[in-house]
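Shown next as structure tokens: one chain only, the form predicted on its own.
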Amino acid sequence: MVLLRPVLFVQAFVLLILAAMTVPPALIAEWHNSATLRTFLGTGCACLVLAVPAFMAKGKEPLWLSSRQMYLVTTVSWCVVSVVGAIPLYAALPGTTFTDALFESVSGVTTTGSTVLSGLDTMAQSILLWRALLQWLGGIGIIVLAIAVLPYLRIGGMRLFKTESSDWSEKRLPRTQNLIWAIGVVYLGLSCITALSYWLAGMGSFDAIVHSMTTVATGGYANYDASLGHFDNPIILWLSSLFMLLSALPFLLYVSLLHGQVTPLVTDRQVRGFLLFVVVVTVVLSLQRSIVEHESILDALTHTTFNVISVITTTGYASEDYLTWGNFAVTVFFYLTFVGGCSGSTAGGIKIFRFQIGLMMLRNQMRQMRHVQGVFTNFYNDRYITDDILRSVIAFSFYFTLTVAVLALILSMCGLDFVTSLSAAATAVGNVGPGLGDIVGPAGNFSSLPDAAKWSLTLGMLLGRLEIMTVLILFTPTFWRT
């Protein structure tokens, strides 16, 4: 109970946030006289009622979170949000099973964007807004997790980005709490700018608000079955490409930018590597489409830029079915599924900095083979990379690959073909959204998958979003020993 008391107390705040989240959809339902009003009011009231005993768990003694309790808080919080998020979907959508509702909710909270729902064009606006709010909450949640929690839990080398190590954080924002508030302001501001831009480009006000939340969260939920291809507007595609790209950059650097320091954003090795990678892939695919498919360079560049950025940032929007672009493009998009954006952003995937560190390790290994007695050090953004960080990056990469492999094997046991199994596993763990093939591709839908496959993918999405080891450690006997 000593271990669980702080965890339960934190869940009280999570439930209060969820209760507040039900208010906007309820107002939309009331405005449209929709039957979903009862669903959201009931969900909000239930959250408030459950928050009371969670608050009482605090007791009279002051609480503090150990690293062991942080693992529990992180995993339990995401599970609580996912279950509560599924309730309105299950109650308000006729014919929706709890399995489908939970899959949709987890896909939203983890900002994956895979969906089992169809008929979005005629769906109640309150439900569409709820899906977007789940992704928006998950987006800000993963930023806070990556910056305030994971570095201290020794997860995947993220101590390279500990807030205490940056000059501006020590001078301007000495406390993590203040830093989180600053990131919240940046997150909200970027969302508002995105919504305004979409509205000025021709979206309706509701569409602009919903798509701004799912863009900044790099989640990819759209209000239409055809995703952003529904609007058939190149300006919207270019704006979306821009804001997806911005959302995949480290939010810590935006906070430093607000304090007048432009240099970190310009010189950051992760940012430069990420942007260079996006440009190279986009140019290569655009030229390939223009030459081979005889498409105009402007159209090729527009759709290639949008879809490449959508997959790299793990957003999952689509303007076209890129699986029809040829075998080379399909192979490239499969590789992009694993990449992801920058650490400290809303994007998922392995993250660019791990690839960069991996290349540094490979280079040093080659040099070590030539100069056996040589001693070589690794630096990243002028900071020394310790062996501990190298080990954590290797461990994360191994578990990421192993998780995809095991999940793909499980999906094949559920009757899925090789391409569908492998791509669905990769897109779930990488939190991308669309996979490959007719079933789970950008033009497909996950609704036809068997329930066993949906539950497996649901677990895969949670594992990928929480950096895998955060969840796996809970299943080790040593974790529960006092």
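In this text the structure is predicted, and so the values were computed from the model without any measurement. A residue's number is simply how far along the shown sequence it sits, counting from 1.
In what follows, reference is made to the form predicted in complex with another copy of the chain, a form of this protein that is not presented.
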Checklist entry - In terms of non-hydrogen atoms within 4.5 angstroms, which of the given stretches 251 to 259, 119 to 127, 398 to 406, 201 to 209 touches another copy of the chain in the model of the complex? => result 398 to 406
Next on the checklist: I'd like to check something about residue 368: if you look in the model of the complex, is any of its heavy atoms closer than or equal to 4.5 Å to a heavy atom of another copy of the chain?
Outcome noted: yes
Item to check | Contact label in the model of the complex: residue 413 to another copy of the chain, heavy atom within 4.5 Å | outcome: yes
Checklist entry - Would residue 419 show up as a contact with another copy of the chain in the model of the complex if we use heavy atoms at 4.5 Å? => result yes
Checklist entry - Would residue 189 count as touching another copy of the chain in the model of the complex under a 4.5 Å heavy atom rule? => result no
Item to check | Candidate from 266, 362, 298, 280 lying within 4.5 Å of another copy of the chain in the model of the complex - any heavy atom | outcome: 362
Next on the checklist: Please identify the residue among 74, 223, 305, 392 with any heavy atom within 4.5 Å of another copy of the chain in the model of the complex.
Outcome noted: 392
Next on the checklist: Just to make sure I understand: among 324 to 341, which residues lie within 4.5 Å of another copy of the chain in the model of the complex, judging by heavy atoms?
Outcome noted: 327, 328, 330, 331, 332, 334, 335
